[in-house]
Ligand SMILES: Cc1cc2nc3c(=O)[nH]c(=O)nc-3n(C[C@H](O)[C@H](O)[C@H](O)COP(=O)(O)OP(=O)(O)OC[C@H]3O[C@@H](n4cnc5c(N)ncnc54)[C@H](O)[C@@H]3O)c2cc1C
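Presented below, as structure tokens, is a lone chain in the form predicted alone.
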């Protein structure tokens, strides 16, 4: 195996322009994966690239650097719209894992049960990809293509996540169901963000579900149905099974299809009730 630890981003991009590399950030997903398949022939360790670490609030967006860990995110001073992402961060493994694992690494691993994806979907996050040829951005929905599949080209690396300022509004929350409370892969998980005006009317709402399809999904039909409604602690009564028709869960060792659908419906209702009863 060839191992490289570039000193800066430009050096990393130079290596990627010449050959294909497996990129290692925190390593918490990387090392378990090599128990199931051969070790990659070339590994690039970007953990020490401090220029990729910052989380910053800028005029047009909030930026989460590709090297930012889950602990960095938890400690960052961010608006309540990021509470869902912080709640998800607190359930990503143990504290030791949170100190090492990166938010972007969770996305690049592209597991259907990746905890970070539903909260980032409700923030309309975009993925910034950089190469020697330049920079491009993709909506998160277009970056994650399926189980362990992303739109990253072999000469690119993810440099950060961009959340537009217009999506940094309202309150948010995250609910996860597993066989136990912590250190578990989810059966289903739900993230929600809601903006309520001074009259108590819902101006904007974003809802997403993970672990119930090859990629996490926004529930756009339900979002449209809730927009313009009066917020209340009983808002979840408006949610029905027809709002979950886009989901495609599977039977596996953690759950049956039927249980996943029932659990997702209950989680969505609880999420909506929580957001609907939160003061504007």
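Note that this is a predicted model, so its numbers are computed, not measured. Numbering follows the first chain given and starts at 1.
Below, we refer to the form predicted together with the ligand, which is not included among the displayed structures.
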{"item": "In the model of the complex, the one of 97, 74, 195, 126 near the ligand [non-hydrogen atom within 4.5 angstroms]", "value": "97"}
{"item": "Of 183, 145, 179, 201, the one that lies within 4.5 Å of the ligand in the model of the complex (heavy atoms)", "value": "183"}
{"item": "Non-hydrogen atom contact residue 226 with the ligand in the model of the complex at 4.5 angstroms", "value": "no"}
{"item": "Close approach of residue 152 to the ligand in the model of the complex, 4.5 Å, heavy atom", "value": "yes"}
{"item": "4.5 Å heavy atom contact, residue 102 and the ligand in the model of the complex", "value": "yes"}
{"item": "4.5 angstroms heavy atom contact with the ligand in the model of the complex for residue 28", "value": "yes"}
{"item": "Site test, 46, 91 and 109 vs the ligand in the model of the complex, non-hydrogen atom cutoff 4.5 Å", "value": "yes"}
{"item": "Interface stretch in the model of the complex with the ligand - options 134-142, 156-164, 78-86, 201-209, non-hydrogen atom within 4.5 Å", "value": "156-164"}
{"item": "Members of 248-268 lying within 4.5 angstroms of the ligand, judged by heavy atom, in the model of the complex", "value": "none"}
